[in-house]
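Just the one chain here, laid out as structure tokens, in the form predicted on its own.
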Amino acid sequence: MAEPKFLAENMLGSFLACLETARKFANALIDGTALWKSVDDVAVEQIAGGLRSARPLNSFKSVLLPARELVARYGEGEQKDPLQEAADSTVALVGVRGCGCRALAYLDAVMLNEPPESFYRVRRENTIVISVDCAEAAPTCFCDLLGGNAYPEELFDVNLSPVESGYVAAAGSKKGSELLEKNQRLFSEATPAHLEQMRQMRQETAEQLRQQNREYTFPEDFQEDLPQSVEGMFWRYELSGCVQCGGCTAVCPTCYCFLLYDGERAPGAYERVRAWDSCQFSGYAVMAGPPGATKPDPRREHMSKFQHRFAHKFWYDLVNWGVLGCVGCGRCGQTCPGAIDLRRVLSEVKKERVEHG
């Protein structure tokens, strides 16, 4: 890849303008909160603030896996192909963090496994990923406890590292190299001082993570420890805070559960829609059954649904894909009205195994 470049702060707007995609989304600082927003709805100053703040409260997941999307049309009348419509749209994501790039790696492993999920595949192929280093960590972030770093290491086209008066820009793909080369007028050479500022910022964010997570200790082998700890009494204590709102799975960048439903769009014309579901909802996993009878549900108990979320991310995903289903972004802990902190739960799993293993 080409040598790192320097993008001055006053050239950020021009860089965003050179991203030739139908839709652009970026981190933006709105009233003190970082959020993913359409570039058209925010000022470049808000985007600059978002790129220098902790990771956004929401994730980019809704761009690649919309909360509600049309997947089929059938019946009478003219039928446009929803998959072709998805394939015709191009997207730029500006501000994907290190945890976000790891979430992309996870979604790619799941969604692009043969046979690939068609809608995700075409959107992924048509997405430019502009990542960014975390200049600070959110209080619930714990990527370091899972072996991650607060800066992207893979699956980005261009990475921006915030430094004084601008950003160090580095290409991470052929697409990214071509983007920097095509718009080289916007950049200057990154100086040794810029690179030292980048190194120092990464070191400071890593130290912040170490300090805020120093009281937590995770199992050394989730695949071994978690299955043997699912009966621990500590689960009931944690369960007491869960109200089954589904907030944790909605903000999670790797949760992908969905349901399908059909509806009549016009007389004789029908649509099939895919919508987000949550393993924490009371109706999740309920199956069809005889009228008037209790519907079969392999996870009827609230406890079973609660434990399933942890088992999926830290046990089943290791078995099925060889990777964890959690990237340590900490959004679930920040969103949970019951103050359920995944760091605390996993540390209790470790304690349970030490005391009763």
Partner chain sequence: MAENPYRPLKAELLEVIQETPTIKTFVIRPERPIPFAAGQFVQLTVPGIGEAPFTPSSSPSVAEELGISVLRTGRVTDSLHELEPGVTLGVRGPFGKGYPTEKLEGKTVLVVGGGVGLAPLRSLLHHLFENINSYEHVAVRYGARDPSELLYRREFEAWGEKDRVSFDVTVDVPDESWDGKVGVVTTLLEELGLDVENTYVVSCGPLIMLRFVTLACLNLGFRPEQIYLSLNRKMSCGLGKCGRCNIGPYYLCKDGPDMCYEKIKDYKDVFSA
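Positions refer to the first chain, counted from 1. What you see is a predicted model; the values in this text were computed from it and never measured.
If you look for the form predicted in complex with its partner chain, you will not find it shown, but the lines that follow are about it.
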Given that its partner chain is not shown alongside this chain, does His302 nevertheless sit within 4.5 Å of it in the predicted complex, heavy atom to heavy atom?
no
How about Asp262: is it within 4.5 Å of its partner chain in the predicted complex, going by heavy atoms?
yes
Could you tell me if Phe234 has a non-hydrogen atom within 4.5 Å of its partner chain in the predicted complex?
no
Contact of Asn58 with its partner chain in the predicted complex (heavy atom, 4.5 Å)
no
Assert contact residue (its partner chain, in the predicted complex, non-hydrogen atom within 4.5 Å, options Pro267, Pro192, Gly283, Pro139) equals Gly283
The one option of Phe222, Phe119, Phe187, Tyr151 with any heavy atom within 4.5 Å of its partner chain in the predicted complex is Phe119
Thinking of its partner chain in the predicted complex, which stretch from 67-75, 174-182, 153-161, 241-249 has heavy atoms inside 4.5 Å of it?
67-75
From first to last in sequence, which residues of 315-331 have any non-hydrogen atom within 4.5 angstroms of its partner chain in the predicted complex?
Trp315, Tyr316, Val319, Asn320
